[in-house]
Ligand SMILES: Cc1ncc(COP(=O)(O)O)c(C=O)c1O
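A single chain comes next, written as structure tokens; it is the form predicted on its own.
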């Protein structure tokens, strides 16, 4: 009935493909024990301080949140030592990505530039807006060629997206390379640096300032950084994203954003999570140790594993076992990982870092499947 009136960009759209859920796999395979290592969630779950805060504030959910989330913005400004006027909060970083495209890119005129593969929301939201998307393939080793990316930029480019560390590979460019790109871009083109996984980038003895322009304190005037509370803070289900934007752009964001998109419980959860430094530090340590455990374990099984500075690893099974086969057999054994066909990488799998027992289970089941397929 509506096919003729739905916009052609929507009819042509390939939908976002999320990871499979635990309940879905339980029902499909009739099994009780299922572990999820597909969506880059926190391996430790959620902070006890957050649990307590959610309980204390559960009886406030009949109220609307304060417009503009002033308590949250003030807390983030103090935590990061940046002006409150630069902060935008959203219903996940997805909302901020969507808003930046809609605010800056004019349909059927402007374009957006990013790498291929990348987080699929960049091209999806651009296509929904009716904006041309230009994509530069990453190098064979999944590193970035910033010169080739810049070659796609012209006077009608309004946004350039760079994910660091990248998804799905875990590659993390040096901040000086990102800074050089920002300096080359026109003044009316915003470089969006998506640091969803930056918390996990530092190795032992390093700090975020070794990898992040934002943490280093020299973020260019034509750049924005996106952060999320879904990963190291364990709040994926409550949907909290943060943009550190040029102040003028942040003002326009607050004008255009849907009112009340960040709910009361999500706000209280972030305020509590910021206080629980012990939980966050334990999360980072768990990810560092688990990443090493998975990397070494997969290599011992004959898989090709890409170095990662995120809370996941991308790998290619040995030649005798197709990625799709390994993925499906892991599902049947109650281990959910991420097949990367939706990233145009059908021969690759991404696995999130779990806790020690989840990592062991994944490696044990992977070993058993590979032996069956030999």
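Numbering follows the first chain given and starts at 1. Nothing here was measured: the structure is a model prediction, and the numbers come from that model.
Another form, the form predicted in complex with the named molecule, is not on view; read the next lines as being about it.
- Using a 4.5 angstroms threshold between heavy atoms, residue 92 counts as touching the named molecule in the predicted bound form.
- Taking the partner from elsewhere, residue 196 is found to have a heavy atom lying within 4.5 Å of the named molecule in the predicted bound form.
- Residue contact check for residue 86: none of its heavy atoms lie within 4.5 Å of the named molecule in the predicted bound form.
- Although the partner is absent from this view, residue 119 contacts the named molecule in the predicted bound form, with a non-hydrogen atom inside 4.5 angstroms.
- None of 167, 157, 125, 283 but one reaches within 4.5 angstroms of the named molecule in the predicted bound form through a heavy atom, and that residue is 167.
- 239 is the sole member of 71, 257, 288, 239 with a non-hydrogen atom lying within 4.5 angstroms of the named molecule in the predicted bound form.
- Residues within 4.5 angstroms of the named molecule in the predicted bound form, judged by any non-hydrogen atom, belong to 228-236 and to none of the other stretches in 244-252, 203-211, 144-152, 228-236.
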